[in-house]
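Shown next as structure tokens: one chain only, the form predicted on its own.
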């Protein structure tokens, strides 16, 4: 067994800082609305309490994930993928699917609302890491390697895009990054990216509200009191903050002017109250988190662990900067929350669990001596791998070494 290292302290610290900022911002952005809406019964701490609860659940999940010898997740990959697809389909089943603000993205199980697309993210990353590492010698072959990998991912992304196009985009980008990391041919990646772009245009064209979002993106102030209302008030909040902000808890846009002030547009509340300095600081924290995650991937000799680390880092970093792009009107509205910051129980818990897996990978920069790239079911009862010789000499080539 190879020597186990300590979890990556820099990565852990960055996550804690972002989580603390997020918990404070959820309270700051939501207390006015929470005190007015009926279902909170006037409790100004309603959203904060729920966010703290899911943060505790997520932290427990993170520490449990850190204790996992990550390569054991390989045997669970097919089950996780099947579970993710089942959950995404369940959204459309009457009696289970829940519609909130015109979007059907949640399911209700025993009074608890879950968002299957959030769970599907980490399930797809684990599955992709497993199947790509299993086909490490065929990743550059289109028919035997790439297509069998992409088809299951395409099924998940298709189900997600029906519910949430923004999440589907981040999953598609994460998939392409993981395939690139494994050493796929550039022309195959460009072809896949082109197909994704064409499908994206089709999905936008068939839904009038998506066309409306694109129109708003091009000129939000053309209909400032209608379809452009949310984006306009987001820009007003950011502009009002200036370099230093109006002061913590002193923002005005969160007082029933800016919709989704504690969820998708919480970054605008930060911009108004902490100014440009506050937004740049948070952006730098996410950039540092993603960079550190890729460093963990670079230091990991095992392809399965390397791909999981890279996929999780790309997903969390990609979601953060996609959210910033929407809030600043640099990108069309997509409905993607900011990881660790936006209000949302399922998203927060799953992101923390994903960080736990990332930290688990950081503990084993080298695979243990009794670990084989082959599936765990292909082991003898004495736990020795079937392949003979030095396992490390069979290590696959990839772009991340």
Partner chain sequence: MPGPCPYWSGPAPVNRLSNLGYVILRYDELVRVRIKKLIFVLIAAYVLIIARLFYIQVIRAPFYREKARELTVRKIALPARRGTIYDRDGQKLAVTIDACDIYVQPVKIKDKEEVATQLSQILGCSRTQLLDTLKSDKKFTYVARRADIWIGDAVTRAKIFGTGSIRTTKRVYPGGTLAAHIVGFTNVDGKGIEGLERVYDKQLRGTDGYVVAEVDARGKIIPGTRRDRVEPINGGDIVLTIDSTLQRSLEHELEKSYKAHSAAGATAIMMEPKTGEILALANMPTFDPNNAKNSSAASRRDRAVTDLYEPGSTLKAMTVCAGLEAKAVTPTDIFYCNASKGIGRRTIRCSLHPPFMAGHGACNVAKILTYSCNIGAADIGFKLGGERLYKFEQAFGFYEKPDSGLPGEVRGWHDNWRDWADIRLANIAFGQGIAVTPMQMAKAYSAIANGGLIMKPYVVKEIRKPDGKPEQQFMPTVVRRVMSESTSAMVSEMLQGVVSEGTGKTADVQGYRVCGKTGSAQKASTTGRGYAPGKFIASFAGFLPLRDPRVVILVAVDEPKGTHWGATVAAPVFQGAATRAMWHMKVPPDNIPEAPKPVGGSKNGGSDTVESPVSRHPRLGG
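Residue numbers count along the first chain shown, from 1. Predicted model, so just to flag it, every value in this text is computed and none were measured.
What comes next is about the form predicted together with its partner chain, which does not appear here.
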### Query
Just one stretch in 112-120, 79-87, 202-210, 172-180 has heavy atoms within 4.5 Å of its partner chain in the predicted complex, so which one is it?
172-180
### Summary
Exactly one of 214, 191, 280, 197 comes within 4.5 Å of its partner chain in the predicted complex through a heavy atom, and that residue is 280
### Query
162, 155, 248, 276: which sits within 4.5 Å of its partner chain in the predicted complex by any heavy atom?
276
### Query
Looking at the partner-bound form in the predicted complex, is residue 253 within 4.5 Å of its partner chain by any heavy atom?
yes
### Task
Could you confirm whether residue 148 comes within 4.5 Å of its partner chain in the predicted complex, counting heavy atoms only?
no
### Query
Can residue 263 be called a contact residue for its partner chain in the predicted complex at 4.5 Å between heavy atoms?
no
### Query
Any chance residue 297 has a heavy atom within 4.5 Å of its partner chain in the predicted complex?
yes
### Query
What residues in 221-246 sit within 4.5 Å of its partner chain in the predicted complex, counting heavy atoms only?
221, 233, 235, 236, 238, 239, 240, 241, 242, 243
